[in-house]
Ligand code: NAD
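Below you will find one chain, with nothing else, as structure tokens; this is the form predicted on its own, and questions on how it binds or moves follow later.
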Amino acid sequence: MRYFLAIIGGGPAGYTAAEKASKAGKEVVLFEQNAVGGTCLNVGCIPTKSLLYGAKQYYNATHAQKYGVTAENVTFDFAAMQKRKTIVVRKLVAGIKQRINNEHCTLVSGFAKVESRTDELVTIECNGETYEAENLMICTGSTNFVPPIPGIKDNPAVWDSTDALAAAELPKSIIIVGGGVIGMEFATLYHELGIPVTVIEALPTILPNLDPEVVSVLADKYKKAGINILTETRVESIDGGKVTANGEVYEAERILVSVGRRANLNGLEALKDIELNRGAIVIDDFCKTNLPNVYACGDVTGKIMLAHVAARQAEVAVGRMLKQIPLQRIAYNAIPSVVYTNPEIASVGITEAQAAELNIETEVRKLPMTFSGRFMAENEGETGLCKMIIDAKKKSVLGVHMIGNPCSEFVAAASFAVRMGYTTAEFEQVVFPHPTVSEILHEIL
């Protein structure tokens, strides 16, 4: 059978594309080597958040006295947390399969390999069978990057994020190499469950891509709470559970290495002419590669490695294939991001430093989250921060950076303002419900 679209990879980009194209009546074949849902659903976003929520419940119970609640002999069952995580993932995977289960979509389980490509036809092999399609969408995602550190390979004490999520038992202590988003979320998980944590980051700060002032709020809190955060510290070697960094030796039962991810190009060797940049597939505004009938979406493009970006890219790419009018582009400047630490960090748009690099004169407004009554009521002992970057000439909102629970739940409002180019006067007309923490976006205006 000849398909309109062949998709390799069933993560957020792949299953979104399959759903959109098949609902339009186009014949689609979706290949997935592991489980539908990809890294995010199976070994990333969702299982991490499930465990983090369990850890937060335990942490809140043991710190409930500040709200006038006394809880004695509070314990947790890590095996039960893991079981619940697995159930959550299975339910969501089943839901995705239901979404793409229609007469126009064929789901194939197995490793897919591109055999050949012309401008009219792409041929793919999977499980000994051959499939042909007019268009190809590459959604092969990314894999954990293993840095060339002596002693890291074949070391049973070393974990990546997938190993950590699958662990049946908690480690007695842990060193986390890499203070990025993944590293700091795992640091939060282990710390809240009472595990001694050391974070080693080579750069001058943890979460280096975020607003430094917001990050400093989290770093200060975590250091006071007992997390050992070492910045400007480069790992030189690993020997069992011992890490040598900047000449010092640190030891723990487990070492979690989380220093980034790289585009997964396995099975694409036949596409010798596809354009790459730093190991990732280059795409245009509509997620099209330099090959006329080949598209790429998600982590494999190296753009912004977030599930919601992958899904949006898939929508845009399929829209382009279907020649839907008007053709839409992705507003990468308005992509919200969240770090699920405690407190959460949520951001959208550019930082002060990025504005300076672009030679944009800015006005910066800041408020502690305590200007929100709801925040005060529910975050005893926390201050938080909301920071807005404004174009000094146009008065438009360029970026919003926040720390404080639950800023992840309303950063989309700030994203909308950045996406639509709202001026502060226009954004000020938006009515936020009272009392909610989201009101901080109105207060800062």
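What you see is a predicted model, and the numbers here were worked out from it, not measured in a lab. The first residue of the shown sequence is 1; numbering continues from there.
Keep in mind that the form predicted together with nicotinamide-adenine-dinucleotide (NAD) is not shown, yet the notes after this line are about it.
**Student:** Find the only residue in 181, 265, 291, 81 having a heavy atom within 4.5 Å of nicotinamide-adenine-dinucleotide (NAD) in the model of the complex.
**Tutor:** Among 181, 265, 291, 81, a heavy atom within 4.5 Å of nicotinamide-adenine-dinucleotide (NAD) in the model of the complex occurs only for 181.
**Student:** Please tell me which of 208, 95, 194, 279 lies within 4.5 Å of nicotinamide-adenine-dinucleotide (NAD) in the model of the complex, judged by heavy atoms.
**Tutor:** After the contact test, the surviving option is 208.
**Student:** Of these, 215 to 223, 171 to 179, 270 to 278, 126 to 134, which stretch puts a heavy atom within 4.5 angstroms of nicotinamide-adenine-dinucleotide (NAD) in the model of the complex?
**Tutor:** This holds for exactly one stretch, 171 to 179.
**Student:** Mark residue 240 yes when one of its heavy atoms lies within 4.5 Å of a heavy atom of nicotinamide-adenine-dinucleotide (NAD) in the model of the complex, and no otherwise.
**Tutor:** No, residue 240 sits far enough from nicotinamide-adenine-dinucleotide (NAD) in the model of the complex that none of its heavy atoms falls within 4.5 Å.
**Student:** Taking nicotinamide-adenine-dinucleotide (NAD) as it sits in the model of the complex, is residue 340 near enough to touch it, meaning that at least one heavy atom pair lies within 4.5 angstroms?
**Tutor:** Yes, residue 340 sits close enough to nicotinamide-adenine-dinucleotide (NAD) in the model of the complex that at least one of its heavy atoms falls within 4.5 Å.
**Student:** Does the 4.5 Å heavy atom contact test between residue 368 and nicotinamide-adenine-dinucleotide (NAD) in the model of the complex come out positive?
**Tutor:** No, residue 368 is distant from the partner.
**Student:** In the model of the complex, does residue 261 have a heavy atom within 4.5 Å of nicotinamide-adenine-dinucleotide (NAD)?
**Tutor:** Close contact exists here: in the model of the complex, residue 261 approaches nicotinamide-adenine-dinucleotide (NAD) to within 4.5 Å, heavy atoms only.
**Student:** Mind listing which residues of 26 to 53 have a heavy atom within 4.5 Å of nicotinamide-adenine-dinucleotide (NAD) in the model of the complex?
**Tutor:** The stretch 26 to 53, when checked against nicotinamide-adenine-dinucleotide (NAD) in the model of the complex, contributes only 49 at the 4.5 Å heavy-atom cut-off.
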